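Before any questions on binding or motion, here is one chain by itself as structure tokens, the form predicted alone.
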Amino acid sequence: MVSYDVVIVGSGIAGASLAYFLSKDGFKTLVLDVKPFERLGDKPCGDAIGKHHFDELGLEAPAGELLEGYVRGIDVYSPSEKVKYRVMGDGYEVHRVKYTKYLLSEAINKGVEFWGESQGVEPLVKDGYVVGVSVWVKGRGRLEVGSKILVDASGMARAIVRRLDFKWPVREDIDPKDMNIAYREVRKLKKEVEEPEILRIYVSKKVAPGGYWWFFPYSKEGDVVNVGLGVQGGMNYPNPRDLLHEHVISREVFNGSEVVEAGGAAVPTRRPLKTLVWNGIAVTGDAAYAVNPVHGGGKGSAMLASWCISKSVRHALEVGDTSAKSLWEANICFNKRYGAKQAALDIFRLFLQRLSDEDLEYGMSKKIIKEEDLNTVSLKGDLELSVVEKAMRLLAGLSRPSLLFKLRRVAHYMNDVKQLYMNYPEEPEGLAKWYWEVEKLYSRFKEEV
């Protein structure tokens, strides 16, 4: 049986970036993917990544053929589309396939191995540790590959962890209601888009129940857009493709447009996996639910999760201990940098999904939360109580007072869950008690709000 220090199952943005980070240390690393090299990263998504992710991770900004366009901000539209919030922030529309291949190519150049058209079938477990993976390789059949640390970066397939026993905390399954089912098309329009560096998000329960639809121009092209729609899973809502064509593609701007590519995918929209690591195993990207619960963006957070995991893997291999305790720093790293914010935004997401279009229209038209406050919520997961209290004073006597009271409770819960994640347990022994507190907080929130 051939063995490696690290085996990464999946080479989307999460797996490729982890290989990139680990390649600098010379570990014997193998990356597997069911797709051939040329199709790596070919997954339907919005393609946008905030500039702050590249800055934090010390990565060069995408340029040339790796870049589809620049982003200066996002416009968020009310259900009537008469009210618009503009949230400024720099980012990039990346070419998801070329950028993923670039990261992995850089890793391969430093000695990382890649097996395309190879599927991780199930983990190999011995004495409470994951010690390898059974792999089906095209043209070679089924092989067993040993690993000191196995990483599941297989996206929502969760090809490895879903085959572990439920006693493994990394197995934690997802409630379908905590997913968004999305469909998107890349279309070439008949004329260029105005302000192509501004992304557009539209909230409407009628058009996209439990989610939103988006219109993301590729500013390098000017007349090419990524347009898609997501609905909350587990609710028996209509097919997002049907909704997109009925309510969006039927609009005048798409008359005569051509479909460049199309596809759908499920996206996790919830708090992070309770732990990214356990004995001999780590989980990253969509497989770890490392996605923004409100807008569903996951590329930047996937890279951040992989960066945190790479630091822990480095430590574990250097000391010769691949236990959960030795790998635990990945959780501290990720939750302080992103997971705490993600959990707070999950609370905000649950609140938004329960609002009617009338509530959303009222809240945006009265600017209960202003653009600058929404920017703070998006970047930090903070909804300041002072902002809500000010809105309650200004809007006293107006309609929908219950909405304001609910928003105040939401602000409290967002702060409380964020503090829980900022105080993530320092060792695996504290995980069960800590997660019980998280579950208790969520139960109270769902009862009250």
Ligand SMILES: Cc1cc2nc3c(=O)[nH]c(=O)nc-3n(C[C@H](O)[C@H](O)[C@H](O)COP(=O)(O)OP(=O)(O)OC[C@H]3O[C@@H](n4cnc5c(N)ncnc54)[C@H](O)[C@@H]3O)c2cc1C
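As the structure is a prediction and not an experimental result, all values here were calculated from the model. Quick note: we count residues from 1 along the sequence shown, nothing fancier.
Beyond what is shown, the protein has a form predicted together with the ligand; the following relates to that form.
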Pick from Leu30, Met414, Cys45, Leu407: which residue has any heavy atom within 4.5 angstroms of the ligand in the predicted complex?
Cys45
Please identify the residue among Ser105, Gln119, Ser257, Ser78 with any heavy atom within 4.5 Å of the ligand in the predicted complex.
Gln119
Spell it out for me: taking the ligand in the predicted complex, does every residue among Ile74, Pro217 and Ile249 have a heavy atom no farther than 4.5 Å from it?
no
The ligand contact in the predicted complex: Gly297, any heavy atom under 4.5 Å:
yes
So, Val34 and the ligand: in the predicted complex, are they within 4.5 Å at any heavy atom pair?
yes
Applying a 4.5 Å heavy atom distance criterion, does Gly155 contact the ligand in the predicted complex?
yes
Proximity of Lys341 to the ligand in the predicted complex, heavy atoms at 4.5 Å:
no
Picking from 237-245, 209-217, 83-91, 352-360, which part of the chain touches the ligand in the predicted complex when contact means heavy atoms within 4.5 Å?
209-217
